[in-house]
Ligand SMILES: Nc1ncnc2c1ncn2[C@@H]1O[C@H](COP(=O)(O)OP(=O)(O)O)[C@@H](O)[C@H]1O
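Take a look at this single chain, the form predicted on its own, given in structure tokens.
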């Protein structure tokens, strides 16, 4: 049995559009260990969500997904049929989608949406599924669970809808949970509650978790390992300490400078990253961040550097880490 629950090697995802082919994910390799809580951060459009949806094969027909390897718990996901993937999704892999209001079916009650996967995957009766649904609603901190089972998504608050989504995703005790921006549009108090809940569920059910977000404040307290994505590539990866206190890539440094602190230290002016993300319909030959990087060299615009070891478990893809890289400091 592999030590990694999920292993992805050289994932490439593109979309055929009327204007051309968009190369959304360009050679992403990653892994998740059993019981691990990791994070993927980056600006909107950097490929975070598309990477995970590619792994789960939940993209539209205009998507082309290729990879050297996508293996989950010893199963080659690339060889699975739609029917066999349906048995894996929900039962072994759960997903919390970005917006619970659009992800939950407005025509069905919360109870119906909770009990259906339980009956399908666990082959239990509706009565037993209802008992388990009540238990899960209590587990995720929803009050009056009997009442909530009969309600429709629009009758719940944003925080309750998000908790209901988590309950549905966790109902079959999956081995892996993928949470895509689970705190978007929620106020900071509810955000903290949701993240605390996910950490508790991870401990209670020993579920591996991948948290996708652009909010560094959300990711800091719960993830043991973090990957920074930009332009469809992984630019840096390491422990939370590495990323927040010892960043080596200029993009990671830029992200940290653009986020307000906790207010305990001296006041510092926020510094936004100038420029715009690259056009992935015509991606640059070199580092995708080169055009926005103040430290860029000529080679940065010509070729993409590979991930190099900065320290144990800390990798970064930047020409500044190559001692032989030299030349004009402008791209």
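Note that the structure is a prediction, hence the values are computed from the model and not measured. Positions refer to the first chain, counted from 1.
The same protein also exists as the form predicted in complex with the ligand; that form is not shown, yet it is the one meant from here on.
For the residues 280, 70, 38, 28, the 4.5 Å heavy atom test against the ligand in the predicted bound form is passed only by 280. Although the partner is absent from this view, residue 24 contacts the ligand in the predicted bound form, with a non-hydrogen atom inside 4.5 angstroms.
A residue is said to contact a partner when one of its heavy atoms sits within 4.5 Å of a partner heavy atom; residue 55 fails this definition for the ligand in the predicted bound form, lying far away. In the predicted bound form, no heavy atom of residue 32 sits within 4.5 Å of the ligand. Within this chain, residue 44 lines the site of the ligand in the predicted bound form, having a heavy atom no more than 4.5 Å away. Heavy atoms closer than or equal to 4.5 Å to the ligand in the predicted bound form belong, across 51-71, to one residue only: 62.
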